[in-house]
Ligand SMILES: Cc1cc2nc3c(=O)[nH]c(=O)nc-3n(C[C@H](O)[C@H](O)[C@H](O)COP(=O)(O)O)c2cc1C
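Single chain ahead, written as structure tokens, the form predicted on its own.
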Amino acid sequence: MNMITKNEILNAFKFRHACKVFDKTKVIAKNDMEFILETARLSPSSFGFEPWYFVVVQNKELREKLKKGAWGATIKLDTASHFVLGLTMRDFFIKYDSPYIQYFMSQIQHLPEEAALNRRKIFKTFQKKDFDLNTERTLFDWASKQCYIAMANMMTAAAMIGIDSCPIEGFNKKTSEEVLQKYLDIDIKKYGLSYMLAFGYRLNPPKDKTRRQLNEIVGWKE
């Protein structure tokens, strides 16, 4: 296997920035966008339960509807080649005793019945005791963390092939989810909006990247 060099990976991280305005004359090729989405599909998640769903909004009228609650996305909605909504499963799907969890272990993970039963018991203890995920909000926030892993992988993968991105949390959650329900046929009792994610090609050069030094953020205990 031909491995990517460390410098190539670091160069992609240096290339990536939160692109504020995209060149709307440039469109991402279909196979490139499918590659980016595939990295989301292959992303890890806690217990491997994949509590996510991604909606790629290309329709201009629907993008206009999304502007209603998305004050941080208006320019991106106008200029991005592709616009992705990162949805997270609510407790309807992700609670330890839900039909989805049972289906997932049986049909996706192909666990034998006894192994699935033991795994459900472990997952129940994890939710109820280990992480104290005993409310709809805490369970959603935990699941949302998994969805963010997929977002990070998509942005890095895009940067590695020269495509820009911008993660967006600048939206009113209630208003935006109402738009999703009314115009995009999303059942907001089953899914919540975690983030928006724009992809395209930069129109302007980015500002210099500013970060703390490594020794300020990492402690070694040897």
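This one's a predicted model, so the numbers in the text were calculated from it and none came from an experiment. Numbers for residues come from their place in the sequence shown, where the first is 1.
The discussion below concerns the form predicted together with this ligand, not included here.
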Residues H17, G72 and R211 all lining this ligand in the predicted complex, heavy atom within 4.5 Å: yes
Option touching this ligand, based on a heavy atom within 4.5 Å in the predicted complex, out of L66, I28, C166, I36: C166
Heavy atom of W142 within 4.5 Å of this ligand in the predicted complex: no
Close approach of Y100 to this ligand in the predicted complex, 4.5 Å, heavy atom: no
is_contact(Y148, this ligand) in the predicted complex, heavy atom dist at most 4.5 Å: yes
Contact segment among 169 to 177, 184 to 192, 56 to 64, 43 to 51, judged by heavy atoms lying within 4.5 Å of this ligand in the predicted complex: 169 to 177
